[in-house]
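The form predicted on its own is given below as one chain in structure tokens.
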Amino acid sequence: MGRASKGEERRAQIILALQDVMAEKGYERASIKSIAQAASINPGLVHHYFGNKQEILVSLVEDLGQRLHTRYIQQIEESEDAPRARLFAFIDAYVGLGPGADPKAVACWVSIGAEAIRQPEVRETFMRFMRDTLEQIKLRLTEVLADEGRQITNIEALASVLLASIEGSYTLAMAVPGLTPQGYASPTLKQMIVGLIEQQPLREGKESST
């Protein structure tokens, strides 16, 4: 892979600056001036690379999605080659506090969810990421259910519950700091989804291995 151009580096710098400002102040209070200050550049350079603040936000959604995917791939590569291990690696990548965890990104993601409700352009990118994430969850769950000889008819509901729980853990942690124990999300979500998996009926002729 070749070295990023100066323009690509500058755009990435501005996108990361918006993340930092949003994590502290939220989107509404993230002015071009404050983004430029966080990036240690002149406000004119922000306008040179992005037409407006919304363009930066859409790019930030894409960037955060890519970073989460990269962390997930790394977790998968480091996990055991078993369906449950891959499912747990997915959960760790999204809510775990291990290497690569980024509290600022989580805080920013909560604000992005709110902006997706209000801004169609942001919603489109946000929804695409949510759909892709849901498909990844369905894939991981399907592997587990098939490996354990369980029926897969309820996969949509199981995947949706897990995705909603992940997003809810983000929102709760940011909206009411200190209410929930630090690091609770990953182990609790694993226990929850294992319980739901083990409630799924076995296919005819299969015996439980758990």
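These numbers come from a predicted model, not from an experiment. Residue numbers here begin at 1 and follow the sequence given.
Below: the form predicted together with another copy of the chain, not depicted.
Residue contact with another copy of the chain in the model of the complex: residue 89 places no heavy atom within 4.5 Å of it.
Using a 4.5 Å cutoff between non-hydrogen atoms, residue 22 counts as a contact of another copy of the chain in the model of the complex. Interface membership of residue 165, defined by any non-hydrogen atom within 4.5 Å of another copy of the chain in the model of the complex, is confirmed.
Using a 4.5 Å cutoff between non-hydrogen atoms, residue 194 counts as a contact of another copy of the chain in the model of the complex.
Segments offered: 65-73, 166-174, 139-147, 34-42. Contacting another copy of the chain in the model of the complex at heavy atom distances within 4.5 Å is 166-174. Although another copy of the chain is not shown here, in the model of the complex the stretch 110-136 places heavy atoms of 110, 111, 113, 114, 115, 116, 117, 118, 119, 123, 126, 127, 130, 131, 134 within 4.5 Å of it, in sequence order.
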